[in-house]
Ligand SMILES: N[C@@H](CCOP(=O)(O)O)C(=O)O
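Here we start with a single chain on its own, the form predicted on its own, put down as structure tokens.
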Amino acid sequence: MRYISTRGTAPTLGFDDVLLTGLARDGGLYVPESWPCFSAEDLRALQGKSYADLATAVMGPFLAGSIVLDDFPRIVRETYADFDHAAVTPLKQLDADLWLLELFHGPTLAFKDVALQLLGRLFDAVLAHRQRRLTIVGATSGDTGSAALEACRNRANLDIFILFPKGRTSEVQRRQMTTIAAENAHAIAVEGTFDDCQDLVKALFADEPFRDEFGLSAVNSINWARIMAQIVYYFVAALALGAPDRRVSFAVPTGNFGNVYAAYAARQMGLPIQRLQVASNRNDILARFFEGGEMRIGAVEPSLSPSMDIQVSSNFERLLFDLTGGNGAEVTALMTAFRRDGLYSLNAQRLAQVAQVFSGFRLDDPGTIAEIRATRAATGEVLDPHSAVGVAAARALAQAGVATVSLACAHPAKFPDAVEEATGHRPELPERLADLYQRPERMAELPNDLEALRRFVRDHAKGLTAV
């Protein structure tokens, strides 16, 4: 399997190099040259398999040519053996055709664990073969950071630096990042928004001498391996509900577009997904785009669902690449204009192409509280604010006879204030995290300044020291 950049000028790479590189040298994102295809017969053969076996089958084609391909089934089994639920991502029925896919049974109680627990092990395996180390730098609006730090802590071949917007995550999210006691793990609070953090990371990657000196790589969903691992649970849910002989739609709470792009990738691979509802909070750049075809940056407003407080959805570039027929030069021009002017638009033909699969949905904070309250009253299920946005979107999307699956992206205890406001009940953390509020915090605070970040990484990373 070979991978190409959405901007068309970076080298074509194999899986191992794409894993270690993260962001392409031309500023683009890597995508497969072609999609593995699963026929209806292939899909039926996957029904009833364990999560690990199905994950190995779905992801295996993406690792063709990898030095860890033979070890991959073992790596996958070890990854998901650590999850709290035997099904890894269990389905719950909320209504006749409405289902909830729980993605929060990993160590940090968020869907990011599904991919990042695998990613940490893949990094370690590939780096051990190559006798080298990496410096991971990433940005988070809340959940990616804790999942990445947890996945990479104490790994011999990695240093990891995670930037998050100071004061704009929940307390649980912050503490899950700042209480990881590992010499190689660094949580950094930045004065600014998530988009500011993301821009700092991209700027650091654009500094090629620094990137080469420290072996920079990414764990954000700009890293293809993140998307690859997220594709799996769409297969899991659809097959459990009768695919390929029954069509399924998904409602996906999203900010950076990575999770819903993974659903699109599953559809490209042959999974019979009918519709994808992109669920946004008050920071509704994606909902506005799907309504009118114009991507226009607005101000980021803090909300009850902070992981979605984003105005620059990096993974949308991967979809743009498909919409332009794989025209890297056109994608580059669109993204350059977006950075310069804060907007770009699609013509009617391309917007119609998008509308065949995607639709947008928005829910403000009062609506989020109302959905948490209503779902608990009707079903007994307690939703976190992000999952509530997804369930509301799923209800709006519902079609008779079509199974609609909403993604439950985080455990409600990660956002106890919002849940308590909605239900009068304050959710408790699972036993293994019960002492989180008593653990000492350790973090750096930096201004929104590239040079300050560059100095911090230089002072704390080991660079390319041989392992």
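Don't overthink the numbering: it's just position in the shown sequence, from 1. Note that this is a predicted model, so its numbers are computed, not measured.
The following text describes the form predicted in complex with the named molecule, which does not appear among the structures shown.
- The stretch among 268-276, 241-249, 132-140, 319-327 whose residues place heavy atoms within 4.5 Å of the named molecule in the model of the complex is 132-140.
- The shortest heavy atom separation between His186 and the named molecule in the model of the complex exceeds 4.5 Å.
- Mapping the unseen interface onto this chain, Asn256 counts among the residues with a heavy atom inside 4.5 Å of the named molecule in the model of the complex.
- Contact check for Leu122: every heavy atom lies farther than 4.5 Å from the named molecule in the model of the complex.
- In the model of the complex, no heavy atom of Val88 sits within 4.5 Å of the named molecule.
- None of Thr375, Asn281, Gln176, Ser221 but one reaches within 4.5 angstroms of the named molecule in the model of the complex through a heavy atom, and that residue is Ser221.
- Applying a 4.5 Å heavy atom cutoff to the named molecule in the model of the complex picks out Ile310 as the lone residue from 309-326.
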